[in-house]
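Heads up, the chain below is alone and in the form predicted alone; it's given as structure tokens.
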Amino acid sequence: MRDDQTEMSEDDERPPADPAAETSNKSRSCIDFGEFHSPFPDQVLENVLENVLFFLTSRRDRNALSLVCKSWYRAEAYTRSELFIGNCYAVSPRRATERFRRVRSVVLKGKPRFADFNLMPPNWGAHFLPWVTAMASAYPWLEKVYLKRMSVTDEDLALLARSFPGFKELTLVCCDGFGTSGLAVVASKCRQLRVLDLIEDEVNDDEVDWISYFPETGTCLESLMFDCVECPINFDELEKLVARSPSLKKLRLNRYVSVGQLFSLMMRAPQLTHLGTGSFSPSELVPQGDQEPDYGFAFATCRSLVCLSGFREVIPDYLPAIHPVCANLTSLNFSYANINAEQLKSIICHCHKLQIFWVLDSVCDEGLQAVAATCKELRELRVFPIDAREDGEGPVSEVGLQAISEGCKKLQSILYFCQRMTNAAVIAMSKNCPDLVVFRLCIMGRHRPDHITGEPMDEGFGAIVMNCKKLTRLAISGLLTDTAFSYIGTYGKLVRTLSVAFAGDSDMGLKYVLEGCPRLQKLEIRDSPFGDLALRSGLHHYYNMRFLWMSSCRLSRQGCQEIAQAMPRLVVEVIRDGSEEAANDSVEILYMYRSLEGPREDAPNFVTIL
């Protein structure tokens, strides 16, 4: 990184141009020189540039443009309304708010992704407090906040709700630290709230009826997602809220909402386009002789539905109720529905427009073959394990993967958990689905080879990086030698995110990747035989990366210290798995990231910053 561009400069505060003054200047120019000459050509060019920049939305384009010269740097900052911070410790809130002064939307990310798999000790950091405090004074017109893997408290949410009178959208993804008390404050104070989306968060039950805190008159709600909230809700208040929210298009319910209650909500909100069904089972047995609601009629009433999810405690007998909307579905999430192949086939055969499909591996290869036969427009597939143990049976295999590759040739993204795989099936996918952008194959057993030939999985993953020219994200597993990493370094020129588990022979494997993948931004490695030599091979590239995570590898404290000394703008965190001091020089977890601020000040005692 160029030294003169790493420091974020303060924007110039320029008052709006005065038309009268401009006219006066023009008149003087005409009188003095007989023709018009702009007295401030650079200022005019900046004004024109600012007007053009208002139409430039890609943050990568904006970042590139800001590096052209100082005036473009200032103009880009002055016109940016959306701020994206991929690592909350890469820049301080003060620096960000001083440079970008007209921001209305903030995206902020905290902990690395491996925190989702309990690989990071709790209370590591990523606190929202310093950010919301800075934004409260700098951005009174803020409208949108999106947080991912951040630690958020009820007090943070209260400050947010009080500070931004025009606040409209709050999305929290994989966040923790807050509860229903904080949600109640947001619901009551943010009178213009359009979006409240809680996605895979850990929400504390404070025994507060947060649903009842929304305005008693009509609301602006367009999206309400709370399927991750693991506590009962006041259904009467929810029903009233839905009834007085005519703009509501997206609603995702938690498992405490029964299928009978779902029927009532759907009848009140036929305009829904996205629906998370809740449990999709009755809250109690229907007395004999009583007639259940016609659930199919409720779905038929919601003619605009294109996205279905939920089904958390599904009773398969209720599944036919969704038949009326299947033909229009573009997204279907069965990742919580423990259903078998026959039950899936009765649904999937109607879903010809499906583009996104998430499912449990309980549907087996047979279920995936049914998907391949019907869903010719499929772009994204995720197959999750119902049993994530390494020694589990694994009901899906190379048979299902190959069927998908042959039937869904428009596929762009796949996440596939399995226990056994073959090179032939992966090679077939690379040839049948050349538009793949994301390929994540998770063979759950450690060091599993091609289960037919016994060979390493090198050739399969090699084919993926060779034949899928648009590939930007790759996750590899199974028995892999340094040859697979050589393929990635040679052909994976667009790969930005690489996840590695239980793979490789030696330091050369990681060296191939770090020296061969110029666009690599995020590198996650666990339980692999890479040590200090491999780590040093990336010195030329670490400043260009967002982060490097290595856990249970062969790193030493001395090797990590050498990296920290060679790269002063890189934060090198050594994380102990527990509160005890390490007994030797080995490093359990290494987390490195670039930062304009240097070491953070809120590191817990199990984190040592070198």
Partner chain sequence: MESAVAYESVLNLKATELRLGLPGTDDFDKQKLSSATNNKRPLPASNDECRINDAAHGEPANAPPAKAQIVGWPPVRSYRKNSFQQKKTEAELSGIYVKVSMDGAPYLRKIDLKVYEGYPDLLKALENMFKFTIGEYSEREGYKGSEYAPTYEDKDGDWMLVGDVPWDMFMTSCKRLRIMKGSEARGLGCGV
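Remember, predicted model here, so these are calculated numbers, not experimental data. Numbering follows the first chain given and starts at 1.
One more form of this protein should be noted, the form predicted together with its partner chain, which is absent from this view; the next part is about it.
Picking from 443-451, 240-248, 340-348, 318-326 the stretch near its partner chain in the model of the complex, with a 4.5 Å limit on heavy atoms, gives 443-451.
Site annotation in the model of the complex: the residue of Leu157, Leu360, Val465, Leu308 reaching within 4.5 Å of its partner chain with a heavy atom is Leu360.
Taking Asp387, Glu292, Glu82, Asp236 one by one, only a single residue has any non-hydrogen atom within 4.5 Å of its partner chain in the model of the complex, and it is Asp387. For a residue to qualify, one of its non-hydrogen atoms must sit within 4.5 Å of its partner chain in the model of the complex; all three of Pro122, Cys228 and Phe502 qualify. Among residues of the shown chain, Asp577 is one whose heavy atoms approach its partner chain to within 4.5 Å in the model of the complex. Contact check for Phe297: every heavy atom lies farther than 4.5 Å from its partner chain in the model of the complex. Using a 4.5 angstroms limit between non-hydrogen atoms, Cys174 touches its partner chain in the model of the complex.
At the 4.5 Å threshold, heavy atoms of Trp141 stay clear of its partner chain in the model of the complex, well away from it. Residues are counted as partner-facing when one of their heavy atoms sits within 4.5 Å of its partner chain in the model of the complex; in 514-548 only Arg526 qualifies.
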